[in-house]
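Before any questions on how it binds or moves, here is one chain, the form predicted alone, in structure tokens.
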């Protein structure tokens, strides 16, 4: 523990303090301005942290470790490894994009809305930085609670029902994970703190990685942890809360949930499940891969027949996350690194899609694809940018999703050929429903509703242009992210063996 404030601390504290400040800020513009400035400051810290990364080590030297509940063996321990830097980087990039794209939107109780958004960002940063199980659980809840209030207060007409379903799912998942954490904790060794205090057990990540559990214990613990993470991703059959919530949530919140929050589940599997319960992973990995691939094909088929564009994108996200989950459990270097690369890319691409959908819904008041048409005539700039983002979403070569998807399918092929073949069906279906959506919404003849649509304003144009730049840059040169996450992937596979 040093005498200076570290990068992971700044990534958490900046949005946390800014969120509390925004709560007490009056007016409509001031909360927006503070939230945007805060998110840009967090982005600056995230970029600066990349220059201090040590890719040869699993844990870098730039960590913060403070005694928290010493008699329980818990520390406030946050740090950044390669995967953590990538996911905090995704979070740091996403929030400015969201705030810029929705800057002209009006929300009732503006200060409360943006305050809760910043608290959610602080929670997400904490999840991706935590190296103590109790700290991880604390931030897991901190990220979810603001989103619950954001959905229930600012959502659509059916927000109460959808938010209740979201609450039940996430509450059950969190409770199962807490039971699993406590059980593993009770089987860890004693911990000695710097002041000489001896705790009977420890919540530290290192203690969890070295815990000795029988194969039988690991198997039922796997169920507890995996269900919690599967709900958050979500994957089949734990996905049923997602389309309703995405449809009813205010679009900025949907961007956070689909772009960043679903990565909490994938991150939890990589950081807390596989290294802690390797025997159970060996036992269940084929089942998880099969369920994930079923989810890919199922969600893609459902997306093909959706008329509601928000639900279409929601099912599209389920399919993409299912492919990532399957690739993780393929358990080889190329598949795991492909997942880490794709986590970043999926977040960027899905936020771009939601920006376009939000703009269309705000101007037309409709979400049904059958009621749209001809938008390319009225919004040519929007059409061009949307087509680029949509092509990235189906992993066209030279876009950011292509290298990650190629690596994941290659890893599945190395595990079993038919895994890759079945998953590829989902990739083909993704192209079908995405191109069909573009054709029906943007081409053809205008109607009385779409004839009134105007092209995008400066803030939406700026956000989408930045996303398009990232799409092409990572599509052409993904190596920096691959290099950043290499050590994390290698450690995961080493611990599994």
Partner chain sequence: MNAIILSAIWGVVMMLGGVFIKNKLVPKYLAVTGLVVIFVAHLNELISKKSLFSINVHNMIRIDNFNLTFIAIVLACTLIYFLLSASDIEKVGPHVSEYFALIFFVLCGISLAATFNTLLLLFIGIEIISIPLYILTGSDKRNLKSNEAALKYFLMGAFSTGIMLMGIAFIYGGTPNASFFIDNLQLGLGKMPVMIAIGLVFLLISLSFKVSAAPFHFWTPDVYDGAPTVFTSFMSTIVKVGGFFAFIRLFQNAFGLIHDQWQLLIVFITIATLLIGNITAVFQQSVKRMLAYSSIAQAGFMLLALFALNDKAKEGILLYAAAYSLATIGFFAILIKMEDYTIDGFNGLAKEQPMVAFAATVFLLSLTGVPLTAGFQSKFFMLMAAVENGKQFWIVIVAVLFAAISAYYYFRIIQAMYFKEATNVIFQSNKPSGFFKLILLMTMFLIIIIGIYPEIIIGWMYR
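The structure presented is a predicted model; accordingly, all values stated were derived computationally and were not measured. Positions refer to the first chain, counted from 1.
Keep in mind the form predicted together with the partner chain is missing from the figure; the text below concerns it.
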Response to the item:
Note: exactly one of 284, 103, 138, 413 sits with a heavy atom within 4.5 Å of the partner chain in the predicted bound form, namely 138
Worksheet item: Which one, 223, 179, 421, 215, lies within 4.5 Å of the partner chain in the predicted bound form by heavy atoms?
Response: 179
Item to complete: May I ask you to state whether residue 186 is within 4.5 Å of the partner chain in the predicted bound form, using heavy atom distances?
Response: yes
Discussion item. Please determine whether residue 324 contacts the partner chain in the predicted bound form, using a 4.5 Å cut-off between heavy atoms.
Written reply: no
Worksheet item: Is residue 238 close enough to the partner chain in the predicted bound form to count, meaning some heavy atom within 4.5 Å?
Response: no
Fill in: residue 443, heavy atom within 4.5 angstroms of the partner chain in the predicted bound form
no
Discussion item. Between the partner chain and 47, 50 and 99, in the predicted bound form, does every residue show a non-hydrogen atom at 4.5 Å or closer?
Written reply: no
Fill in: Answer range among 371-379, 422-430, 142-150, 402-410 for contact with the partner chain, defined in the predicted bound form as heavy atoms within 4.5 Å
142-150
Practice prompt. Could you list which residues of 69-108 come within 4.5 Å of the partner chain in the predicted bound form, counting heavy atoms only?
Written response: 69, 70, 71, 72
